[in-house]
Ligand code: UGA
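Shown here is one chain on its own, the form predicted on its own, set out as structure tokens.
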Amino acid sequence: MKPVLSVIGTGYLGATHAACMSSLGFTVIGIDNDAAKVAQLSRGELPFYEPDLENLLRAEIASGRLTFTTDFSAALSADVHFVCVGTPQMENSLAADLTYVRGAITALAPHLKSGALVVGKSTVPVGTAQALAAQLSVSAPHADLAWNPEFLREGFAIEDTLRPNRLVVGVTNDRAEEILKEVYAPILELGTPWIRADLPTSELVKVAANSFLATKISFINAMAEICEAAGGDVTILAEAIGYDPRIGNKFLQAGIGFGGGCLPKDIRAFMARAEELGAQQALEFLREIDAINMRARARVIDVVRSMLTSDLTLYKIAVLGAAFKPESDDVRDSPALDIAAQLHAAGALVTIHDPKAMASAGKRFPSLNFAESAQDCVSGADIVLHLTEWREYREIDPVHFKTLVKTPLIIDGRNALDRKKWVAAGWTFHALGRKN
């Protein structure tokens, strides 16, 4: 008989994990203290955008295997409990805020049956799992704790849950590993690599992976700065070094840098934790990675001023993209939205369009203007900024769009548009790290 699962926290990670595990045939109880979110999920509606996930959610609710509640006592019927709450960056600090993780364990502990396994999936500073295990040893000594980091890519969450490129579990005994192997048996049957680790190593895997990806992105953006200064072309440079199997071509697309709810706050929290451990020198390079990333945004604003004037007051600027990446409505630390807000603060008349992130962007910056379509967004614009590489934007007809703008100037902040096509249509085209 399959174990019953609970998922504590039903945000992006928790809702995805709950629906996907239900699709594998498990009975899953999603628990969250946000009554409005629970009601929305119970209706089969997502509070965020993720391709195909809402259809899966509705199917699993209809199956009867997946339910949501605000009542933590519902966890009494579950055998394995996945903790999927957020760990945002603390105010006035680089460190991660562990309030929600600690709160979840505290609320869950009285409702754990004998032999229950609590499995952390949240991204936490190294040492957190051991501290939580010590907490459980007092409040629920009959339960065990393991750590199983998530590696979800927004836009590919279902694939990354059901067909991950690896499963990492931090455990302190064989029994915990065997329980997790039973839970993940359908995924392991696909040949997914299984990595058993101790608790600290399992926590480090996620932040180490994100730090490496952030480093790769900032590296190519640093090369873009050099290319602009030297008259080179970063896209050709990236292609050339990407053929080296030791380097690879992924995450080598120069542009306005990384954002979202993971990479920025994870590398900052990693630096903060290293300092607490007395190992801050080991991660000092991450400060420059963060600085390069933020500088990429400032460079776009400098280019706007160079193509218009230093005083941007009353210039109409069209921004295509608000989400930090395509196939997502996530605007947390979005480079696109940050650039738009800074241009607005400089006095420009900024209008934004995004296929999915209009509502979330509007909540974040209600003073900005939003257009219902890309065509409306660029109408009468003095300059167009392409800042999130949605397929819709890559397929724009530059000949038609030239008839809509006041001046055919465009900055490709993602190096994703067909430059030859836009130039042939009569646009002045600028892309970061390329000859312009």
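Please read these numbers as outputs of a predicted model, since none were measured by experiment. Residue indices: 1-based, along the sequence shown.
What comes next is about the form predicted in complex with the ligand, which is not displayed.
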Worksheet entry | Check all three, V300, Y393 and W427, heavy atom within 4.5 Å of the ligand in the model of the complex | no
Item to complete: Identify which of S202, N210, S360, T128 has a heavy atom within 4.5 Å of the ligand in the model of the complex; exactly one of them does.
Response: N210
Fill in: Proximity to the ligand in the model of the complex, single hit among K206, R273, H81, H353 (heavy atom within 4.5 Å)
K206
Discussion item. So if I measure heavy atom distances to the ligand in the model of the complex, which of the stretches 73-81, 111-119, 192-200, 259-267 falls within 4.5 Å?
Written reply: 259-267
Worksheet item: Would F324 sit within 4.5 Å of the ligand in the model of the complex, counting heavy atoms only?
Response: yes
Fill in: Non-hydrogen atom contact I217 with the ligand in the model of the complex at 4.5 angstroms
yes
Practice prompt. Classify D144 as contacting or not contacting the ligand in the model of the complex by the rule of any non-hydrogen atom within 4.5 angstroms, answering yes or no.
Written response: no
Worksheet item: With the cut-off set at 4.5 Å between non-hydrogen atoms, does D338 touch the ligand in the model of the complex?
Response: no
Worksheet item: Which residues from 151-177 come close to the ligand in the model of the complex, meaning a heavy atom within 4.5 Å?
Response: F151, L152, R153, E154
